[in-house]
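Next up is one chain by itself, shown in structure tokens, the form predicted on its own.
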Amino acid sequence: MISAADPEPRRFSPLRMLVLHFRPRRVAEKTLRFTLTWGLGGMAAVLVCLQLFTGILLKFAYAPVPTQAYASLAHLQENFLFGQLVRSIHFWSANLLVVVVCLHGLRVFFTGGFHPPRRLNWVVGLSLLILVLASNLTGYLLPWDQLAYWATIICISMLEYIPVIGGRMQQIVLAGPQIGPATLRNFFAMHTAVFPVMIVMLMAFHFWRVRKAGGLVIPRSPAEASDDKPVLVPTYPNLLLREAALALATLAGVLILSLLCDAPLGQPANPGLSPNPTKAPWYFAGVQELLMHFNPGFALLIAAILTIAAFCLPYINYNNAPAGIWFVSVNGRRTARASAVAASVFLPLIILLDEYAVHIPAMPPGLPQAFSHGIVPIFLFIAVIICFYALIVRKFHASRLESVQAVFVFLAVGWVILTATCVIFRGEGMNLRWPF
């Protein structure tokens, strides 16, 4: 029972809870080490803010109509004060955001920051990555030049190979039979309104979940007991000054890059003349390269399986594996190095063999048409992953987390190689060639 002398009970709204839990008063001293996080989460937040600010400025000049979109950007760059700089900052911060978010996800995985009670935040982080990719794709079309137009066609055409719903999804995205005014209008609305709101909301929830989970994972050596209390230090100045310095460094880096390298703007889009080669944006180039080696339906199936597997990673039982230690252990670092070397040798060899020497035949014609081509490569892919996992366990006596980490490294390095092959080593007709 509350007496008249007692203060009125404090009521917390969700917004008040979010603000109060954004930063604690004290943080564990060990989590301040720069090499634990490399400041990647803070960099991502700064880049998102840059995107929002420069995007608002660009909206004052941009006209989301095919007949005016290209001319409005050309007018912005030539006649607006700092117009070229604003667009370059928006362009480079968008591309850097993809890199930083990916590196942040890798950092979380390799330091074990996805174990309970941080499982949900791993899912939120992957969702943010998907939203960032979707935002970049919708923004890629807006300049309406040759590069943007045909790269978007490549990406949207991939939807057609999704079984059952692919054709319908393609029509919804295009808002018609082909890219036109309705497509540009929808992409503009998604890029400037829908995705920014979703990204900001998920970012706020992401930060709140970090706070609710007790902050960053505290690194502990194997000799330290898990119930040892960490040394706490005040958030200000120990954490906030570091974050401020990192934010200023990020802003300076983006500004210097934008001054040295202008955002590209090619020739106006010509639907009747496709460039050679026609490539997807670099962050989807790995999928395009995959489509060149697998039946399109199975290539997208591989991408879908890997995406679902990434979401499921925190929910595997790792038997109380340590967290906060890069690559789990000394043995984990050995298996990670071995996996990276194996992928660096195996993937380029497979690409070269498939390009110039060996072509895996289709299955016998008795199977349905959707499965008559590419089913051998898909089974080979699954068999390679299973055998690689078993080899790591047997060769290095790896724990479950170390083995899963080794497979993750193999796939991550493989994806980087696929992306680099498509972006750098594909020339006219999408044939392999030297980049010089």
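Since the model is a prediction, treat every value here as computed from it, not as a measurement. When you see a residue number, it is the position in the sequence shown, counting from 1.
Not on display, but discussed next: the form predicted in complex with a small molecule.
Within 4.5 Å of some heavy atom of the small molecule in the predicted complex lies at least one heavy atom of residue 122. Taking non-hydrogen atoms only, residue 113 approaches the small molecule to within 4.5 angstroms in the predicted complex.
Within this chain, residue 215 lines the site of the small molecule in the predicted complex, having a heavy atom no more than 4.5 Å away. In the predicted complex, the small molecule stays beyond 4.5 Å of every heavy atom belonging to residue 140. A heavy atom within 4.5 Å of the small molecule in the predicted complex is found for exactly one of 404, 27, 45, 57: 45.
Exactly one listed residue, out of 104, 293, 334, 279, brings a non-hydrogen atom to within 4.5 Å of the small molecule in the predicted complex: 104. Figure note: of the listed segments 349-357, 298-306, 259-267, 201-209, the one touching the small molecule in the predicted complex, with heavy atoms no more than 4.5 Å away, is 201-209.
For a residue to qualify, one of its non-hydrogen atoms must sit within 4.5 Å of the small molecule in the predicted complex; none of 52, 63 and 87 qualifies.
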